[in-house]
Structure formats: structure tokens, C-alpha cells
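Only one chain is shown below, in C-alpha cells, and it's the form predicted on its own.
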Amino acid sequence: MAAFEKIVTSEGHLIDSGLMRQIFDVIISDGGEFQILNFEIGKTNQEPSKANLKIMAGDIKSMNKILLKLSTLGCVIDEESEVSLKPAPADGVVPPDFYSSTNHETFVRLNGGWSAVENLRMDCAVVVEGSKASVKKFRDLKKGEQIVVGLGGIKVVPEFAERDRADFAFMTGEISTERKVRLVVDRVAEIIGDKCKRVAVVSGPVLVHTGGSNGLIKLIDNGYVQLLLGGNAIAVHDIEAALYGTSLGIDLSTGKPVEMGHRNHLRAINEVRRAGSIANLIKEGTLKSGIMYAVVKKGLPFSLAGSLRDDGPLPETITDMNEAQDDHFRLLKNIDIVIMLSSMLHSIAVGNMIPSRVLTICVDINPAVITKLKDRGSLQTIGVVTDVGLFIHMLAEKLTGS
């Protein structure tokens, strides 16, 4: 078994976050063995632990597989060595052994010290220029830029699982009762209630369909939301509801189909396009309520990403996917909390853009959405399996008292 050996170091909240167990599981499940050379356990809940491990594997392929996985869990390989760099062979192309970034805080060893990697997001390349390192999408790379390769000289610092997040654990496995939803709402309200955190909302049109618009509007009006992200549909159906009282042609007050109501979302799009923008539709006095009305009147930034299925789309909708990604990423830079409301594609996309320090609360009636977010690497996600309209109504009631 000891044909290949490697010493790795791990430091952080190894026990209470479960990281140590994950490290052991990776080594054993991939056919390796380990020996703990040193283990210093933190003596308080704030003090980190540190472990030195010898990893043993029977072949180089198994060893590399183990080390790659351990790197994402915060294990440092070759702690004293400088990071390895290779030039990009062409625009938008990386060397075959490039290092793929994670959403965790990351450092690379340059000139004998650790430099923080800027613009963190997962599944990208790390570029070094002088004494600085930053993350770039493949499409933004230029030939000759110095790309981080291999695993040496890289330190990843995973977010540890805070104890207070355990309060949410009972919400992730089954459809929630109203009583359980109220408990989670109380906890979320505690987190965002002091308004010192910058909160982004990522929403799908289901919020409008389920009657949750008024709840979100209250949160916006009372200063609990600083950014709105979504697709063309959330804005279209919100404006449809404000102008015609329907969503997807269904009367929101009675729940009954309206004759020729299927045209209403197209009429809403046409009104915005006639006015030239949502802001212009508000200025002329046609649009007087709704989520987008509240966002514009409050002066909040928003970004709408287009898709293949869009009708219209609205003038504000960014139809170029690269531009939409860049716009979302730019707006998310200073966000502390993201609340995702029933939008699988947009939620997963945003999850890929934010570092793991950003607390993510995903609310969806379908537990598979939460599972997919976590599988993609957004392990900081708190999952709330419930009706999104009920959740946002109760959250607004708790925070605003109305």
C-alpha cells in the first residue's frame, strides 16, 4: 500500500464542522490509508484544530484522486512549496493540469507568503499576476496569462458549519408543516432583522403565482432586501399581475382562469416595450404596484437573465448569457445573504457565483432543488422545503408586523 506517500496539513474547525470525518471518508473510499502524525485540538469553540496526516496509496492515480478531493476540503499539499504556474496556451484555454477553483476562501503561496485569491467563484481558473491572484472564467483568459496548475502551494479554507445552522436541519428532509415553517422563519428573521446584512433575493415567477408578491414587496419597502435577481418571467408575471390582476392568465383573487387571460403576459410585455422600460412605465403612471414597482421606486439594483423560452423579452432582460453572468456576479460582490425563492436554474447559477461565506437560504417545494445546489458545491445552503408564498408571507409578517 505504501508505494506512494504524501504529507498533508489540515487546519480549522475540524471536529465540530465534520471536516475530519469527511477527510477520513475520502481517503478510505478512494482506496488509500492514513496515519495521523500530529493532531492539535482547539481548546475553545473559537480556536481551530490542526492535523498532519500521512496519506498512503498503492498507485499514483489513486493518490492524485485523493489529494484532489482533500484539497477542496482544506488540506494543504506541499505547505512550504510555491504555487506552480503555466502560461495559457491560447485565449480561453488553460493548461491540462489547471487548478479548478472552489467557492471557499483560497490562498496561493507566492514569494514565500500566502496571497488571498480575489473574485472567488467556483469552477474557474486562478490567474497570477505579480503578487496578486484572482479567479477568471475560461472565456476571459488571454494567451500567456499565468495559470495555477497542480495542487502544491494552494490553501483552501472551507466554511465550517456554524452550530446555529443546525436549527434548520429538520426542514431539509420532508415537506414542512406550517408550525415548522414558522420556526425557520423566526430564525431567518433573526439573521436579517438588524439590517446590517446585505440581502439578495433570487426569485422565480412561482412567487407571483402563489400570491407571495406582497410579502416580498413589504420586505423591499422596509429595507430588508438590497438586490433582486431572476429571469424575464419574474418581472413579466409581476407586471401582468399589477396591470391585469392575473398570473399566467389565472385571476389571483379567485384562482379561476380569465377568458383570453393567456394573452395577459404578452400584453404586459408589450406595455413595457411601448414605454421603453419598466421605469418609464412607472413614470408615466401606468405601472402603480408590484415587485418591480417597489424595486424601481426604492432604487434597488436588479438583473434579469434571459433564456431560450422567454417571450418578448422585456427591454431590461439581458439575453446574452455571458453578459448576464457578468452582471449577476458584479452585483453579488458585496452580498452577505442570498434568499432563493423557487427558481431552480437561477438558484443554481447564483450558487455557482458566490463564495461559501455567503449564507444561502433556498426555499422550494421541491427538495431536489436543494439537493442539486449542495451537490454543485453550495454546501452553505440552508434548505427550507415548503410553499414559497407561505414562507415569504410569514417572513414579511415577522419582520414588518403586517
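We number the residues from 1 along the sequence you see. Computed from a prediction, not measured in an experiment: that's the story for all the values here.
Not on display, but discussed next: the form predicted in complex with a small molecule.
**Student:** Just checking whether D97 would be counted as a contact of the small molecule in the model of the complex - the rule being heavy atoms within 4.5 angstroms.
**Tutor:** Contact with the small molecule, no.
**Student:** May I ask you to state whether T386 is within 4.5 Å of the small molecule in the model of the complex, using heavy atom distances?
**Tutor:** Result yes; T386 sits at the interface with the small molecule in the model of the complex.
**Student:** Flag D310 as yes or no: does it have a non-hydrogen atom within 4.5 angstroms of any non-hydrogen atom of the small molecule in the model of the complex?
**Tutor:** Yes, D310 sits close enough to the small molecule in the model of the complex that at least one of its heavy atoms falls within 4.5 Å.
**Student:** Indicate whether the small molecule has at least one heavy atom within 4.5 Å of a heavy atom of V369 in the model of the complex.
**Tutor:** So V369 counts as contacting the small molecule.
**Student:** Looking at 81-89, 100-108, 295-303, 198-206, which stretch has residues with any non-hydrogen atom within 4.5 Å of the small molecule in the model of the complex?
**Tutor:** This holds for exactly one stretch, 198-206.
**Student:** Exactly one residue in K155, H328, H237, K218 has a non-hydrogen atom within 4.5 Å of the small molecule in the model of the complex; which is it?
**Tutor:** Partner contact (heavy atom, 4.5 Å) among the options: H237.
**Student:** Just to confirm, with a 4.5 Å cut-off on non-hydrogen atoms, which of L229, A233, V148, C75 contacts the small molecule in the model of the complex?
**Tutor:** Residue within 4.5 Å of the partner: A233.
**Student:** Kindly confirm or deny that L243, S247 and T286 each have some heavy atom within 4.5 angstroms of the small molecule in the model of the complex.
**Tutor:** Negative, none of the three is within 4.5 Å.
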